[in-house]
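Consider the single chain below, provided in structure tokens and representing the form predicted on its own.
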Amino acid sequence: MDFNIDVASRTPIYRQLAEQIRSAIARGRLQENSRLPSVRDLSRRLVINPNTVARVYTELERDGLLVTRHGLGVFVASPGSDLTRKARRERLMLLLDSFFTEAVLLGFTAEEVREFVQDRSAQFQWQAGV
């Protein structure tokens, strides 16, 4: 998996990398149990501080997306985090509220938003019954 960092971006490097890993998992480009590069290897390839990579891996592990297997490396975790269904639903509702607020402020209609969501959702790998 190739990751890219835009040093000219106003988005912090750790956030760029975290979002790329999240997206790769959500889109199925990184599968369950896929091994990620070591902190040292990825920091060398991207020419960034190893602490930045370690911070991203720690954050994504805390979110239940990655798991560290001591002596083996960092891997994509099994789907369906430790969060309860209610907690996952509440988290999604907060994200949806933010998304819809932005869509309204940008002047989109409900129908346009439904079409956009339908088109974009086809690009993601959905879990059955999680």
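Computed from a predicted structure; not experimentally measured. In this text, residue numbers run from 1 along the sequence as written.
Here the subject shifts to the form predicted together with the DNA, a form of this protein not shown in this document.
Within 4.5 Å of the DNA in the predicted complex, a heavy atom is found for all three of Y14, S38 and R55. Partner contact region in the predicted complex: 44-52, out of 86-94, 44-52, 23-31, 100-108, criterion any non-hydrogen atom within 4.5 Å of the DNA. Among residues of the shown chain, E61 is one whose heavy atoms approach the DNA to within 4.5 Å in the predicted complex. Although the partner is absent from this view, G73 contacts the DNA in the predicted complex, with a non-hydrogen atom inside 4.5 angstroms. Residues of 87-112 are not found to place any heavy atom within 4.5 Å of the DNA in the predicted complex.
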